[in-house]
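Shown here is one chain on its own, the form predicted on its own, set out as structure tokens.
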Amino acid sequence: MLEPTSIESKPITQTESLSTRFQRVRQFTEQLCQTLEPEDCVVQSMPDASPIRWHLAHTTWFFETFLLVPFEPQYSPKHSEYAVLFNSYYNTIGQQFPRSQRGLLSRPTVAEVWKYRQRIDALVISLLERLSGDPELDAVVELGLQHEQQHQELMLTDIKHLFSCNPLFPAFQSSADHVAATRDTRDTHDMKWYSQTEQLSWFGHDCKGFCFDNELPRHQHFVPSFQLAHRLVTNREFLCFIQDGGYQRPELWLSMGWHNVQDQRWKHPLYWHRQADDWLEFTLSGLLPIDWDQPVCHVSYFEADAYARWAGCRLPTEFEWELAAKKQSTSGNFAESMRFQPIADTGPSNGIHQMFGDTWEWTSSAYAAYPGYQPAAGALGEYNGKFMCNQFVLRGGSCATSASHIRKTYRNFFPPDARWQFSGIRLAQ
């Protein structure tokens, strides 16, 4: 998930006050932790994931460092060591504790992190009640809230990966809630195609409201005619790829992808399990029978690309995706539903569906700067430019993304072998 990188001088467009929005976003993070025990919050399952305790502290450190320190002249951090423990990649701020070793930290305790969070929240709310309306301050707060929403999604993906490593397959939420949310997911339509004629069009954010700097500047790009699948690829369709030897056929794979298949022994999407003649899937509601009509999820770029080749298609470019999304609603299956699982497309047979929510959609576009891109100065401008190498763009958000966080121009990015995010497949031709 991309990190915040710049502060755009744009008005806050939410109808609620910034203080109310701050409290609402921060409280949703707390809500996501209600079913977790302290032991769940301190373990790191792999170098790319972080303990829940670290996410809680890091997002709090962000508001302390970039809001309280510069806007409260009398404020001084109580725990100077947190600047090392909970700094992620801000090199201009100072050194960071190694990411791969965050699970080795037993102190500060989870309880101490909660107290830290509560203390910073109270100070921020007091600051907003006095100074809200200052354009620079409001921009930092909005950036911090967008950053928090990114970490809410990471918390869900990281705890799912952590629980999947446990042979007990613990549930983050009850399976009854999951079944109730998805029981009507049937009658998925056969794949149809949305056609778009060639055109020169504008891409990138229009600077009305918040955006990250990698969505800028707005620019023109010529897109040849193309067709886009009207829905996401389903589990049933991906099973056909598996049964046809998809993971054993090197001609379908990019060289690096085939190396991952061999080295990591990939045989199916990340959380699928074969038990006798049954296929099960690990979800945040535990280990459940696979719903074959749901979108396939937790596949890497390499798997998405190989499936597309097998199907006689390809992945869309990010420009094709954005062009198709321009006339679509951004409504969908997002984190607010508390499902945390893609659901089957049961909409009308016409139109294009599932552009937003359910799963992030891999594109064939390498993550690179738009023409004229310039990173912002200072610590808050470090990130996006540094990551524009060896990654691919994903679009549309997922069932773990907040609805208020996604935009039609939002550019997520991950390395091509990443599987633990809620990533899926939409075909193009």
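Numbers follow the displayed sequence, beginning with 1. In this text, all values refer to a predicted model and were calculated from it rather than measured experimentally.
In what follows, reference is made to the form predicted together with a further copy of the same chain, a form of this protein that is not presented.
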{"property": "Three-residue site S45, G103 and P371 fully in contact with a further copy of the same chain in the model of the complex at 4.5 Å by heavy atom", "result": "yes"}
{"property": "In the model of the complex, P224 touching a further copy of the same chain (heavy atom, 4.5 Å)", "result": "yes"}
{"property": "4.5 Å heavy atom contact, G144 and a further copy of the same chain in the model of the complex", "result": "no"}
{"property": "F302, heavy atom within 4.5 angstroms of a further copy of the same chain in the model of the complex", "result": "yes"}
{"property": "Touches a further copy of the same chain in the model of the complex: P289 (any heavy atom, 4.5 Å)", "result": "no"}
{"property": "Contacting member of I125, C207, M256, M191, with respect to a further copy of the same chain in the model of the complex [4.5 Å, heavy atom]", "result": "M256"}
{"property": "Partner-contacting position among W54, W360, F392, F63 - heavy atom within 4.5 Å of a further copy of the same chain in the model of the complex", "result": "F392"}
{"property": "Candidate stretches 157 to 165, 227 to 235, 209 to 217, 336 to 344, one within 4.5 Å of a further copy of the same chain in the model of the complex by heavy atom", "result": "157 to 165"}
{"property": "Residues in 90 to 128 close to a further copy of the same chain in the model of the complex, defined by a heavy atom within 4.5 Å, in order", "result": "N91, F97, G103, L104, L105, S106, R107, P108, T109, V110, A111"}
